[in-house]
Ligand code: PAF
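What follows is one chain in C-alpha cells, specifically the form predicted on its own.
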Amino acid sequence: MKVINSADEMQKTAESIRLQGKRIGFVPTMGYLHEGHLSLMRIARKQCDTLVCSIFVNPTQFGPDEDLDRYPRDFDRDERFCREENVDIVFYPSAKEMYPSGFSTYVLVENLGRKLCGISRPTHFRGVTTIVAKLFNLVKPHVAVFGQKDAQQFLILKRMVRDLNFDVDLMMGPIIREKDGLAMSSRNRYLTGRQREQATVLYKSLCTAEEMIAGGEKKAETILEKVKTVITSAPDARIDYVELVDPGNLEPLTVIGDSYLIAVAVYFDKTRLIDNILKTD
C-alpha cells in the first residue's frame, strides 16, 4: 500500500493507472475509520483493479461553530485498517495542499443543498461538492462509493456528476449499524454514556415509521408525528429536522408512494446525528 500526500503525485499516479487500462475505485473519507467505511471499501474493491481511499478532514464543510478542531483523527489506526482491506493507495493530503493560498473557487449544487441538513448547515454541501470535485479530478476514479447514511450528500453528488459531466459512476453502500441499531458514525464517540443509550431512538423512530407504512399508513403527516414522538421520548434529544421527502428532488411528500426518504437529524447536546430509511422504485 502506498501513501500519497501530494495532489500532483496523486493526479500523475491516477493518470498512469488509467493509461495501463486499469479500473480505479475510490472511497473518500474523513478518517477515523469504522466498519461503515470498511464496508464501502469492500464494495469498491469488487469494482476495480486499484482501490484508492482518501483521508482528509475537509475544513470547508464545517461551519464556524462546528467540530472541525475536535473531529477525531488517528492516521496510524486508519492506515492499519486500509492495509487490512487491501487498499492500494491512501491519499492523505494536508489542508494547505488541497486549499492553497488564494483558493477561491467552489462548486455549488443549487436547491438540493438548501434542504434538510442544508437548512441548519448552510455552507456544508458547498464544501462537500467542492472537495469531492477536487478529489475526482485528482484520483480520476471509474467508480466511487458513498454511504446511505449521508443520503442527501449522495443525491447532491449524483446531481453534480450529471450536471458537470464527471466520468465516474457513483455507488451507494447500505447503512452499517451497531448491534442496538445506532448508525455507525465517527461522531458517536462524542456521546456520553447516557446520550449513547438514548441515541437509539433515531433507529427506533425509523423502524416505527417502516412498521406504520407496512401496516398501510400513507399519510406523511401521521408518520412524521409518530417519528417525532419516539425521538422526543429521549430526554436529551433535540430534533433538528424530521422529514419525509421525494428522494429525487427532496421535496416534501404528503402521501407515501413507491419512493421515499425519511430523514432525521437530532442533537444530543452539541453532537448532531443523522439517520434515514430510503426506498426507491
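These numbers were taken from a predicted model, which means no experiment stands behind them. All residue numbers are counted from 1 along the displayed sequence.
The same protein has a further form, the form predicted in complex with the ligand, not shown here; the description that follows concerns it.
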{"query": "Position in contact with the ligand when the complex is considered in the predicted bound form, options Val87, Val132, Leu202, Val139, heavy atoms within 4.5 Å", "finding": "Val132"}
{"query": "Among the candidates Val128, Ile156, Cys82, Ala209, the residue which, in the predicted bound form, approaches the ligand to within 4.5 Å (heavy atoms)", "finding": "Val128"}
{"query": "Region of this chain that lies against the ligand in the predicted bound form, out of 56 to 64, 225 to 233, 246 to 254, 209 to 217 [heavy atom, 4.5 Å]", "finding": "56 to 64"}
{"query": "Triple contact flag Glu197, Phe268 and Leu273 to the ligand in the predicted bound form, non-hydrogen atom at 4.5 angstroms", "finding": "no"}
{"query": "is_contact(Phe146, the ligand) in the predicted bound form, heavy atom dist at most 4.5 Å", "finding": "yes"}
{"query": "4.5 Å heavy atom contact, Asp78 to the ligand in the predicted bound form", "finding": "no"}
{"query": "Partner contact for Ile43 in the predicted bound form: the ligand, 4.5 angstroms, heavy atom", "finding": "no"}
{"query": "Partner proximity in the predicted bound form: Cys48 to the ligand, non-hydrogen atom cutoff 4.5 Å", "finding": "no"}
{"query": "The ligand in the predicted bound form - contacting residues of 17 to 54, heavy atom within 4.5 Å", "finding": "Pro28, Thr29, Met30"}
